[in-house]
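Below: one protein chain in two forms, given as structure tokens, structure 1 then structure 2.
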Structure 1
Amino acid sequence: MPDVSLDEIEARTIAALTRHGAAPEVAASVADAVREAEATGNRICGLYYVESYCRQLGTGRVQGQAVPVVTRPRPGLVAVDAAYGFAQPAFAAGFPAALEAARANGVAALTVAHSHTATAMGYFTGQIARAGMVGLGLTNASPTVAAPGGRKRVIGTNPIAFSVPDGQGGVAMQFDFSTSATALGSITMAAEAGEAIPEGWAVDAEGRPTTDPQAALKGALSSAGGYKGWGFGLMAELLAAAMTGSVLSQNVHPLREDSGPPHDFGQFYLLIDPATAPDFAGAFGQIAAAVAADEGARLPGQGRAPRDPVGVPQDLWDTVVALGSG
């Protein structure tokens, strides 16, 4: 497994995406997200997706030349139409206006409609926190999750991320998780490796718990925490899809298929200005101190430092390099 620098990962991703039809600024935006995913050990949202991106650029399932359209329907709402392009440049297009709205109103919503998969939501809420705002982000995904006690795929893994600023241009706390017991990519990777999965991750086609990833791929994922995770997943579905006019999870085709309808996902972000609170920093500091006083405990995301270089499986790296060559 070679060690590859983040600069090289970013450059090779840009080369691959532009060679397959993405505009330079679009490729750079997506590559920055791939870079962060690899730096933070989130392999499923990093280079793992690059081949799929390239194939779907070639078939037109994602529009690599799309220009996002930003509107301001209400003082506290910024809406972006991604035009069936990538989520990263769509967010970037609307983010400055959303920050302005949050500073003026104390809180603002940023919605992204009709986008390709956003992968890691923490990539976006982290940017919100580094700009000094508390950030909440939600998105929907392809249908993989059954209701507790059921077996039919109704919603996606529907990730939620939450980031808190540290007041110095950084992130004091961040969590980013699927509302399912695991991400679909974890099941896929286990199936490719011939490895079993933990019980509780998924059910088979008959609704029975299974540790066989192949059976899980024919069945459905389980919600994290049962009914609790199911409720959060439904919340993400309604905010990300229904509130933006994007497609419901149950109507999305498999994410990594080369051809087919655009993903057409939505994302919903909430930006909250901590300056509106009596003493947000002080309250957060008390919580952080209580956690720190408990040996072995930590806040979500605390102490996580980007890795550079990172180990990349040889076959994956060879594929990415080849996609950008020629």
Structure 2
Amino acid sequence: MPDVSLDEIEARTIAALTRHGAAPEVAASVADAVREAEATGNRICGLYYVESYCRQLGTGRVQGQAVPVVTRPRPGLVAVDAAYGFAQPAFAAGFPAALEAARANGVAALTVAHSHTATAMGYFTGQIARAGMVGLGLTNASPTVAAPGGRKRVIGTNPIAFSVPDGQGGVAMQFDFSTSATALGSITMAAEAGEAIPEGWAVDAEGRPTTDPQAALKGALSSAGGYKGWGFGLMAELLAAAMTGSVLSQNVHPLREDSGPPHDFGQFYLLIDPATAPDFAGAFGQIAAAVAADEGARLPGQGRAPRDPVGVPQDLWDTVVALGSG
């Protein structure tokens, strides 16, 4: 597994995407997200996606030349239509107006409609926090999760991210996780390894809890913490998909297929200005100090320093390099 610098990862991603039809500014925007995913060890949202991006650029399943359309239907709401392009340039197109709206109104929403997979929501809420705002982000996903007691795949892993500014251009605390008990990839890996999965992760096709990954793949994932994760997953579904008019998770076409309808996901971001609080930084500092004084405890996102260079599997790196060559 070769060590590759983040600059090289970014450059090769840009080369691959532009060679397959993405506009230069689109490729740069997506590559920045790939870079951050690799820097933070979030393998599944990094280089792993680049091949499907390129194939789907080729078939038109994602529009590499899409120009996001930004509107502001109300003073506290910035709405971006990604026009079946990538999620990163759509967010970037609306972000300055959303920041201005949050400063002016105390709180503002930024919505993205009709986008390709957003991958890591923390990538976006982190930007909100680095701009000085508390950021909340939600998106929907492909159908994998059944209701507690049910068996049908009604929603996706529907992740939620939350980032807190440190007041100095950085992120003081951040979480970013699915509302399901696990990701589908965990089930697939267990199936390939022939290992049992923990109770609570999934149900079989009849809705019965199962520890057999093969049965789980024919069934559905369960929500994190049962009805609590189910509630949060539905909240993400309603805010991200229903509020933006994007496709519901239940109707999403398999993400990695080369052709088919566009992903058509929605994202919902909330920006909250901590400057309206009497002393947000002081209160955060008290909480952080209490956690720091408790051995073994930590705030979400603490202790995850970015790495550079990072180890990339040889096959994956060869694929990305080839996609951008010739």
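Throughout, rigid core stands for the largest set of C-alpha atoms superposing within 1.5 Å between the two forms. Here, a residue number simply tells you its place in the sequence of structure 1, counted from 1. What you see is a predicted model, and the numbers here were worked out from it, not measured in a lab.
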**Either 1 or 2, the form predicted in complex with a further copy of the same chain** = 2
**Asked** Do you see a C-alpha shift of 2 Å or more at Leu234 between structures 1 and 2, with the core held fixed?
**Response** no
**Asked** When you overlay the rigid core, is the Cα of Ala101 off by 2 Å or more between structures 1 and 2?
**Response** no
**Item:** Ala215: Cα shift of 2 Å or greater between structures 1 and 2 (core-aligned)
**Value:** yes
**Item:** Cα shift between structures 1 and 2 at Ile187, which is computed once both forms share a superposed rigid core (Å)
**Value:** 3.6
